[in-house]
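First, one chain by itself in structure tokens, the form predicted alone.
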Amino acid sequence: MKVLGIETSCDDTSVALVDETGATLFLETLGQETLHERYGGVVPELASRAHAQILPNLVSKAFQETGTGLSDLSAIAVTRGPGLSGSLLVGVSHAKGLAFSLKTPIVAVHHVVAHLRGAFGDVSDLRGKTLGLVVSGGHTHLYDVTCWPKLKGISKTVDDAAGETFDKGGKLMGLPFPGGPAIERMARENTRPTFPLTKGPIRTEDPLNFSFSGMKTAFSLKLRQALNGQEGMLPPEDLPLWADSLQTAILDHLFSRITKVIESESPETFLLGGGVAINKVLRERMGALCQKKGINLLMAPPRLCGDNALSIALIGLDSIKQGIFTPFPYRDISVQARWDPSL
């Protein structure tokens, strides 16, 4: 049994192959940072065109390097959503094209579920009450995942995501795209006390929900004030302070909600995934909190924090073993750019 995984939800083209044990036979992810860097963010049309150029060659490479043919596949797993419509369409269309000739089953995968799947090796790792946090450029959501793979929403961002806030802050400071890794690197150099971005706690209608829009605005206004309203850049010696202050504000807000949820839900296991989950300070703080509360913490390894096809393939393998898939002619599979994460 072999399962091919395809991920094209945003700006990373990723292909993976796993065998019946879940062992990785092939994994390669090609990003588009240099393509979008000049714009300070992902341009959807450019992203979808790049996927269309890269994906066929990447799938061929996976087959060649592993000696695999279409007839060897038990299923093809592909990200159906959420994400950019054009990017998703490239992946879904390619999966259907590959599967059509041999009527290979297709497993349509939810992008957010995949982020959490990268945090554990086997479903048996999920002991007792289990919560899962996805922190990425498009999502900041906390779920009850005790009945895996069903997700029950507990709290979410009411506006912008944590990753988007990192990227916007990085752009305002003139740091390279994506902003998250650049801010983390710069923040490590800071030796001065950080400054607050808001005058008080961030309030939302639901006290467990997240909100980063006001933080982005506060950071922008404070930066403009520091520059006296003039166009230009901060002095290089001040960049670490500003980066550390923004990172601290984002993480403090995250943990103000995470701690409340943990105290009310008393989970035995906690999953952490998503692009922002690669942040070392976030991982350290999450580790300290879970150790203090006696919680089993499972975090996606750095290579599986971002968008990747291995997590997609693993969900495909799980689904095939349970007999859950879409058979030929795949009428139930279409792109869902806005797919409710609470399944």
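Note that this is a predicted model, so its numbers are computed, not measured. Don't overthink the numbering: it's just position in the shown sequence, from 1.
There is another form of the same protein, the form predicted together with a small molecule; it is not shown, and what comes next is about it.
The closest heavy atom approach of Leu27 to the small molecule in the predicted bound form falls outside 4.5 Å. Remark: Glu184 counts among the residues lining the small molecule in the predicted bound form, judged by a heavy atom distance of 4.5 Å or less. Using a 4.5 angstroms limit between non-hydrogen atoms, Pro105 is distant from the small molecule in the predicted bound form.
Contact annotation for Pro149: none of its heavy atoms lies within 4.5 Å of the small molecule in the predicted bound form. Only one of Gly169, Pro267, Gly137, Gly91 lies close to the small molecule in the predicted bound form, with a heavy atom inside 4.5 Å, and it is Gly137. Checking 56 to 64, 271 to 279, 289 to 297, 310 to 318 against the small molecule in the predicted bound form, the stretch whose residues place heavy atoms within 4.5 Å of it is 271 to 279.
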